[in-house]
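To begin, one chain is listed below as structure tokens, in the form predicted on its own.
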Amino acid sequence: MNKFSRRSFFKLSGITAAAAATTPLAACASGSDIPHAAGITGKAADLPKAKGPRVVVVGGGWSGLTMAKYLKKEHPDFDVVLIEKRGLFMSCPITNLWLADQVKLEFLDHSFLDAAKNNNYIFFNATVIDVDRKSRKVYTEQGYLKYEYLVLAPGIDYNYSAIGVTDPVDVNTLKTNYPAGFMPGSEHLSIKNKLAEFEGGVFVLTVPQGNYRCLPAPYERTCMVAAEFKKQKIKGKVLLLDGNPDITIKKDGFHHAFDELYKGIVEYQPGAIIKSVDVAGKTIKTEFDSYKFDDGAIYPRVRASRLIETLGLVKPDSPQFEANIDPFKYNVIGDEHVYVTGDARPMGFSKSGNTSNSEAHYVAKVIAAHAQGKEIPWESPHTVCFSAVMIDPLESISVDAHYKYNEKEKHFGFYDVKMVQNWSADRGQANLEWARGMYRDMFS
């Protein structure tokens, strides 16, 4: 993200400010070596003056949107600003249903402006480039914001090196030609177009190792793509290469769907740890085999957003570069004014929409309590996840679970799990109602 170091950044910012507030960008215009960014970030962002303790939330996904709304509800005196680089929200949950024409695109898209208007906070369409925790400033390409509290909910990035793809040319080609489809927007549109144009052959999907975003989604996507092939009478096969020993969640339901609904269409290969991808040759190599494909979506291992690394907040032993935070209060270790939530957290909670939403409800209470010199007891995140396995009519399976901390092993595990692995049309409708409820909770 930053091409120059933090030290040089602040040095440049200081130079620009001292050079006078007269014409901060004049040097750039006249050909000076001082980058434009130094002049821009050396000034305050053009936002209304804070009317109370300002809380800046970075990231307009499920965690950030919920956080912005409930910070105001828990502590109305907070002046909340949500910073998001996208101009339009597109939901990642439910996109698999959209790929199979079970919902329209309008069902997934929502307005950040409406969310801000309805919940009395500021939406700032900008990109964060740095944070100075000592002076409590967030820097964007449009200037800086001072904060009393900062919540970072930047989500994930992909780690292509984990599947043996390190050359920037190959990484870019892989991202462009076979997008993973777990960072909503162009990736999903490209996959939708692929399916519309697919005339037959092998359509490959992959499941990464580690704690990836939305555990059941690759299996659900396999069902939805296979259902489309079946419906459109396409002579194609969905090849699912799973880097794990078996289906990671709702195992019986998905195995049953593959065998009963999509026999001869879905080929499931567990334990397929990807070692390299020959993009030009359309070949994936695993430890023991090579697989040719005609088209597909390749989901590499995920990591926390690179913003966490840029800010120097990575937990030293995190293989996915997640943030070093208190696992119960979510504040950065040693800093009770900066919090990290959502898919950049290191706890082993599901990286899913409902989990992030429930977690944000709790962390908003934590921050509101801290502002009043109080503490509250820990509350478990709540994972509710429906997965479609059949279309026309839409039929789904589901899981509902909380988490419990294992003091002896020092990690969280599933607790109070309710799994429904027999699909039904009622559960298919519950899937859609769940999504509507979540959107209302974030945007209304």
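This is a predicted model, so every value here is computed, not measured. Start at 1 with the first residue shown and count on from there.
Another form exists, predicted together with a small molecule; not displayed. Remarks below refer to it.
- Taken together, the three residues Lys85, Asn354 and Trp434 all lie with some non-hydrogen atom within 4.5 angstroms of the small molecule in the model of the complex.
- Between the options Pro179, Gly236, Pro93, Pro300, the residue in contact with the small molecule in the model of the complex by a heavy atom within 4.5 angstroms is Pro93.
- For the options Ile163, Ala217, Ala257, Ala115, the one in contact with the small molecule in the model of the complex, meaning a heavy atom within 4.5 Å, is Ala217.
- Stretch 377-385 is the answer when you ask which of 403-411, 44-52, 377-385, 390-398 has residues with heavy atoms within 4.5 Å of the small molecule in the model of the complex.
- In the model of the complex, no heavy atom of Ser190 sits within 4.5 Å of the small molecule.
- In the model of the complex, none of the heavy atoms of His75 sits within 4.5 Å of a heavy atom of the small molecule.
- The small molecule in the model of the complex comes within 4.5 Å of no heavy atom belonging to Ser318.
- Contact annotation for Val56: none of its heavy atoms lies within 4.5 Å of the small molecule in the model of the complex.
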